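In structure tokens, the next block holds one chain alone, the form predicted on its own.
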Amino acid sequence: MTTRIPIIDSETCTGCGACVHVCPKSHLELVAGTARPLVDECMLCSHCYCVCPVGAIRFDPEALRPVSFDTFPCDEKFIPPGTTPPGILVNAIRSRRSIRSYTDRPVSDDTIRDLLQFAVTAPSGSNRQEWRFTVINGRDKVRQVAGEIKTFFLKLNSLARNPLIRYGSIPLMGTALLRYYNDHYQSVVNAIAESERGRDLLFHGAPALILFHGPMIGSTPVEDAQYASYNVTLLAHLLGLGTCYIGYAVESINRLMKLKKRIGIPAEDRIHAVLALGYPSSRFLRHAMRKPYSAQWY
């Protein structure tokens, strides 16, 4: 049976109370100068493990395990706040671009596994970590998924172009179909036409896809998946790869139940993000500029 609370070595524990202080749920206490859990199961955030100055806390490896990588060296080193020049992070993140043109070079499964290892280091609401990943690796597989999405949009466009259906659907589904027609119909028409000529405007010729999905439970399931996916985009950039969020694929796959079943996604799971992944065929030389933004202090 998996133990889902911190395991504290009473011989090593000094009773400093650091773990008690940092526990977000107040599930630890000091008794006779030694820390001990108050519950039979905790949220497994491992904050107690992270702050223990003498290493007296561990976890059942079936409940929590360390993160490791196979395709690049990574000597584990904790970097305290305020000890690294912020410009390093700013420049690395600003150098990442959304890539819409890829080479034919395949992405290895081992590399994708390392990307997912980093994905799960992202924060999640109440530390639920309810994200799941589906990898579609191989250009032929990606084309097949694109073909099924294309069929979906052909059917959707045939409905949207009919004004009787477009306006008649308002009492049942609000203005969703009307807004789709106004905002996306023509671009989908253009993309379908390009696909007929062999150009992939959906996945941009990417050799691999990563789908981020999970059940709609917890406080922030969508945000949790987005954090995990953004982790992937950042590490991919540093590994020489490119990524692009494919918004059109998210909602279409959510509605294509046969496709979800075929690729092994549970019916109750929602797709929260779809990333195209591959080696860029373009080389960016400088940071992109940004639009003016609005902010206020109260």
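Residues carry their position along the shown sequence, with the first being 1. Quantities reported herein were computed from a predicted structural model and do not represent experimental measurements.
Although not depicted, the form predicted in complex with a small molecule is the subject of the following passage.
Taking the partner from the other structure, the small molecule in the predicted bound form has no heavy atom within 4.5 Å of any heavy atom of G55. Heavy atoms of Y245 reach within 4.5 Å of the small molecule in the predicted bound form, making it an interface residue.
With a 4.5 Å cutoff on heavy atoms, R96 counts as touching the small molecule in the predicted bound form. In the predicted bound form, the small molecule sits within 4.5 Å of a heavy atom belonging to R290.
Segments offered: 44-52, 245-253, 57-65, 259-267. Contacting the small molecule in the predicted bound form at heavy atom distances within 4.5 Å is 245-253.
Contact with the small molecule in the predicted bound form, judged by any heavy atom within 4.5 Å, is made by just one of R132, R100, K150, R139: R100.
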